[in-house]
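Just the one chain here, the form predicted alone, laid out as structure tokens.
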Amino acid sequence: MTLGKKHPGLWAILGLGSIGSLWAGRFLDKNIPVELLFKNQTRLEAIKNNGLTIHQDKESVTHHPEDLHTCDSPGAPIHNLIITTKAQQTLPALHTLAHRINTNTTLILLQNGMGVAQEIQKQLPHNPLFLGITTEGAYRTAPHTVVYAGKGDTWVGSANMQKLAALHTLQAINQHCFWDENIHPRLWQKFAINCAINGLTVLFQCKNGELLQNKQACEQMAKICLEIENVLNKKGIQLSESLLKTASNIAERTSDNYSSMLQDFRAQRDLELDYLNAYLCREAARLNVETPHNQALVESIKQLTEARRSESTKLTNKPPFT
């Protein structure tokens, strides 16, 4: 008997970006039925017409999933929902999907940033909520194509002291998925690394590894990391080594990767800045910790985003050549 026959209709993935697509591919590899949920019909049609292709180690696998729906489509209540949307897209997506979520729906949050879990708990206080982080690297080259750029581990833990009954399924499809009784320090450590790298790749418009080849970027990373460490220390979260060393090692290990924030910036999508460095600055202010370099980074990225948006508007409104 296949895993798919044991777990009919139990799983759905909300958000088919790079990480969501990786997990979708794993469910499909193991013949476990999974519903893929999209924000709009355009993304849905891209995968419906072309399949979902995962590139890994010079090989490609194309899946042709059948259970594809937009969030506003009618349907039965969802049992287990893996949420891999961008942080800033999560609450709007859950609001659209509200007709399929009841108090028994298990929510598994697997995304960058901090603050979304608290927002979900305010909106859905009775739902089992689990938090995940991953060190895997991936990026999209097309709406239906994902490159698996770096192997890593995924850790899952509870936000409200509950056990994840369906953990065995996640571990069956990904042998590098682990349970953590106290996930919060890991979340903060991953958050710190994202704050140290992602925003700077937008500021300098470069791949992760290219930060290490730029003297100005290295100097800013050192200052940003020191401020982040000050916040973590005030919260009682200890790192195994300096954040600068860890972030530099991650940037080197993922040297050919474009950060998710840079990908969003270039695609003119909303950035998850409010759930990364801007969130850090708000938390620092609450703790009376100074973070001027993180604040400067936030302001610089906002200015870049506004400038890009203004330039795009000018091009759109430019009269045709006559």
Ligand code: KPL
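We number the residues from 1 along the sequence you see. Everything numeric in this text was worked out from a predicted model, so none of it was measured.
We do not show the form predicted in complex with this ligand, though everything after this point is about it.
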property: Full three-residue contact with this ligand in the model of the complex, heavy atom 4.5 Å, for 194, 197 and 254; result: yes
property: Any non-hydrogen atom of residue 112 within 4.5 angstroms of this ligand in the model of the complex; result: yes
property: Contact label in the model of the complex: residue 190 to this ligand, heavy atom within 4.5 Å; result: yes
property: Exercise: residue 84 in contact with this ligand in the model of the complex, heavy atom 4.5 Å; result: no
property: 4.5 Å heavy atom contact, residue 259 and this ligand in the model of the complex; result: yes
property: Sole residue of 120, 250, 239, 101 within 4.5 Å of this ligand in the model of the complex, by heavy atom; result: 250
property: Candidate stretches 217-225, 197-205, 89-97, 163-171 - the one whose heavy atoms come within 4.5 Å of this ligand in the model of the complex; result: 197-205
